[in-house]
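Just the one chain here, the form predicted alone, laid out as structure tokens.
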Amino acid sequence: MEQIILHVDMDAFYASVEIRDNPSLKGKPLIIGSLPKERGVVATCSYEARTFGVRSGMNIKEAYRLCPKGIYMHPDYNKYKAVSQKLHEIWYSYASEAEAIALDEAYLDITEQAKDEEGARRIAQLIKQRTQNEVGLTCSVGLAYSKTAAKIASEEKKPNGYFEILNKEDFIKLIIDRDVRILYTVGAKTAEKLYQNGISTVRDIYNNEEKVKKLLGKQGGWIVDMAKGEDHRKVTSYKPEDAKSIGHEVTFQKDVDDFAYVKDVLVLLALCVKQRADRYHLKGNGVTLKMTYADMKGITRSRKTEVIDSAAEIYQNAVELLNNVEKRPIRLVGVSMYQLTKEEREMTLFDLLEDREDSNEKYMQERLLELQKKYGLDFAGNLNKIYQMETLHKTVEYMRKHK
């Protein structure tokens, strides 16, 4: 093989961590995400819950309908991040390049370390053993000649599985009669287009190459290549500055029509976005406001800016965008900063005279003081807690009830 790639994927990660830490949950249908009386979705669930039809991304109320006797828990993201760091340290020690896809999965290029297929198998088993012994969790590993094949291989024998696809011929033989959604980039909307045109399996793609390309354009060509086992993508280590945006959003437990309250929430979201950007020393050249109305209609509004390096600027731009949207009940609001960069902002005479950094800091302190007077909470003194996703949501909900 020109390249030897592993795809490592944890088994029901959040749920498995909770079961590890509380063995009494073992063997029970555990659903991590929102609680049944809240708005939200399933983040992940145990395999026992999956037998009831529960799955990641499902509306929590639908999950409760399917599994009313399940155990429902909020996720503990700080704990999962700490576990993830240990996992990635183990995995990355065997790779020349590592590409994290999420907290619980990654691609590893082990071509140099493995030398050959037998060496690759040894590394795969070492990763599985160390993940179990040092972290107390199981993972599934796929060994293959390409990223697409490695990803599919890791899903073949879940949970706690191992599978290998060593060449294109084996890949094609494995997937030829499977649904088109098995292929990389084929999501629900793309699949629906294919279904409507009589293409439902990988074999159908083979038999209708030109039709697929005409129907889907550039993506169609990519899908045809995937169906043939052609994937020359390299494992590429993640660089934060390569991300398209950094953002935060919250879903209200009841629809909100008080836009003054929404502006208060934007203060916290802007601070969260800035804190996350600071971790990677990133700035932005634009701000996006995301909203979902009560009728589930979603909108985004963006504006290009000079280099943004303060929460005040994120907040002010988000407010201006909010002022120009239709005012009716909403269920979700989010703020993000896009066109990320590590470049410094060019200083102007105005910046020098006004001491812009101190001015922006003072502005946000004033906003936090206003929130404290309004809601009776010490926001400024508890920002480190508010930066945590679960605390942020609880704080926003408290504000909604006491506005």
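Quick note: we count residues from 1 along the sequence shown, nothing fancier. Treat the numbers as computed from the prediction; the structure is a model and nothing was measured.
One more form of this protein should be noted, the form predicted together with ligand DCP, which is absent from this view; the next part is about it.
- Screening Glu105, Asp264, Asp309, Asp109 for any heavy atom within 4.5 Å of ligand DCP in the predicted bound form leaves a single hit, Glu105.
- Just one of Thr341, Ser56, Gln372, Gln365 comes within 4.5 Å of ligand DCP in the predicted bound form, counting any heavy atom, and that one is Ser56.
- In the predicted bound form, at least one heavy atom of Lys158 sits within 4.5 Å of a heavy atom of ligand DCP.
- By the criterion of a heavy atom within 4.5 Å, Phe13 is counted among the residues contacting ligand DCP in the predicted bound form.
- Although the partner is absent here, Ala43 is a contact residue: one of its heavy atoms lies within 4.5 angstroms of ligand DCP in the predicted bound form.
- Remark: Glu18 does not count among the residues lining ligand DCP in the predicted bound form, judged by a heavy atom distance of 4.5 Å or less.
- Shown here without its partner, the chain carries Asp278, His281 and Tyr387, none of which come within 4.5 Å of ligand DCP in the predicted bound form through any heavy atom.
- Comment: 48-56 is the region of 333-341, 23-31, 61-69, 48-56 lying near ligand DCP in the predicted bound form, near meaning a non-hydrogen atom within 4.5 Å.
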